[in-house]
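In structure tokens, the next block holds one chain alone, the form predicted alone.
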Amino acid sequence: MGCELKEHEQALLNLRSGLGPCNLDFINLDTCVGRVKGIEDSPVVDRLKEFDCRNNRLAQLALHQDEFEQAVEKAKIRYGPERIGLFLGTSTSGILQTEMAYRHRDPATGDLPKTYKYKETQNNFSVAAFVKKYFKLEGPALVVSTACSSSAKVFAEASRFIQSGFCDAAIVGGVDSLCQTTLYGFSSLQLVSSKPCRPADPDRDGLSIGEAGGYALLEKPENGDFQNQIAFLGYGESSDAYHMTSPQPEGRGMAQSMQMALECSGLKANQISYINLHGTATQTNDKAEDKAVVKIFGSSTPCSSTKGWTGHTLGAAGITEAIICAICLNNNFIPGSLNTRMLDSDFCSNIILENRTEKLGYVLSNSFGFGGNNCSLIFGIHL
């Protein structure tokens, strides 16, 4: 969809999807993907070149947007580098670097290339180590890897760290990049569509995989003038432990995470103006989420999936859709479910198919991962 917030806003308002045919030279699948342009030509800064891989390049590209670097530097002055936490989510990290290394093994010994650096690229902590060194931070840092809820759960982790006094502010976010493991892996599960994904459509036949990177800076409202800025108000987390890849059919854990988010924020269900669905466009996920939404919110609260714009960005889905929720709040705008031609007749939630302008109070965003790792976040405008 683009890089900076304005590009994403325009893409949403103008119904411009970021999905297109897969043209990656390391993938041979008939599918659509959400590919970020320019990664191949944007190596990481020279002082951190040992971290160079597609995932960390995407992490760096995201840092450069919308004056985020400057905001972090100001926070370092305000709190000190040792009082800023770093909480990032990813599902596969830089595994593409390992996939490419295996392609270039020594034909005689089978050894991987000497230039391959597992710790700085594929290791799940790689992206946090890279960003921490990039900003020269000294506070707590961790990576959450709970599949597709990873970069939603970092909001909850950061909130607990700040409330417990371990840090005064936190960088939260996530990065996941296209690789063979996710594309061929989801294809082997028969979950990848050959067309742009169609959430909640009766003919939905799978997801479109995307890549994304994004960040937010969390600070306590009493620490500055944050009037009319986006407020993170609450979170809910649950674990189904139902199945490795399939959601619990009745959406029990999904409903639990949404209810917990309401309780955490002190809000009632009827105060939520819009729900950004996990909405992957698989048969089982969309059906379970519909049941969960109706259980907590009934059939009137407007909701939609924005994965028709971005694809499913996996470990980066939480932060991507949190940022989309911020765009919605700032523009009093509800996006329709792009590419969805009609609604599954079995669904009872109020899924919006066309964009609409509407005054928003509070919005909820769902991110549900493999193994039943569920997370719901609530955002509003700080008054």
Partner chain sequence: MTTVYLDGIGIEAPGLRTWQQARLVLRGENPFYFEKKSHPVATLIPENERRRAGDTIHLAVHVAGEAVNNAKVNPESLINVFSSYRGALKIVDHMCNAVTLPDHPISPTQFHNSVYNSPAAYWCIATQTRGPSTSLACAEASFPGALLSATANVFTHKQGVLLVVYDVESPKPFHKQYAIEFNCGIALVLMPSQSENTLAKLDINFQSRKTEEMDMALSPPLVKLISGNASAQPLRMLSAVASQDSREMFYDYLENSVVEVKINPCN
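Residue numbers count along the first chain shown, from 1. Since this is a predicted model, take the numbers as computed values, not measurements.
The form predicted in complex with its partner chain exists for this protein as well; it is not shown, and the discussion that follows is about that form.
Note on the interface: of 265 to 273, 279 to 287, 141 to 149, 302 to 310, the segment with non-hydrogen atoms within 4.5 angstroms of its partner chain in the predicted bound form is 141 to 149. Residue-level contacts in the predicted bound form: of Lys76, Arg252, Lys195, Lys295, one residue has a heavy atom within 4.5 Å of its partner chain, and it is Arg252.
Remark: Ile95 counts among the residues lining its partner chain in the predicted bound form, judged by a heavy atom distance of 4.5 Å or less. Proximity of Asp205 to its partner chain in the predicted bound form: non-hydrogen atoms within 4.5 Å are absent; the residue sits far from the partner. Using a 4.5 angstroms threshold between heavy atoms, Thr245 counts as touching its partner chain in the predicted bound form. Not displayed here, its partner chain is kept clear of Phe226 by more than 4.5 Å at the level of heavy atoms in the predicted bound form. Taking its partner chain as positioned in the predicted bound form, the residues of 143 to 164 that bring a heavy atom within 4.5 Å of it are, in sequence order, Val143, Val144, Ser145, Thr146, Ala147, Lys153, Glu157, Arg160, Phe161, Gln163, Ser164.
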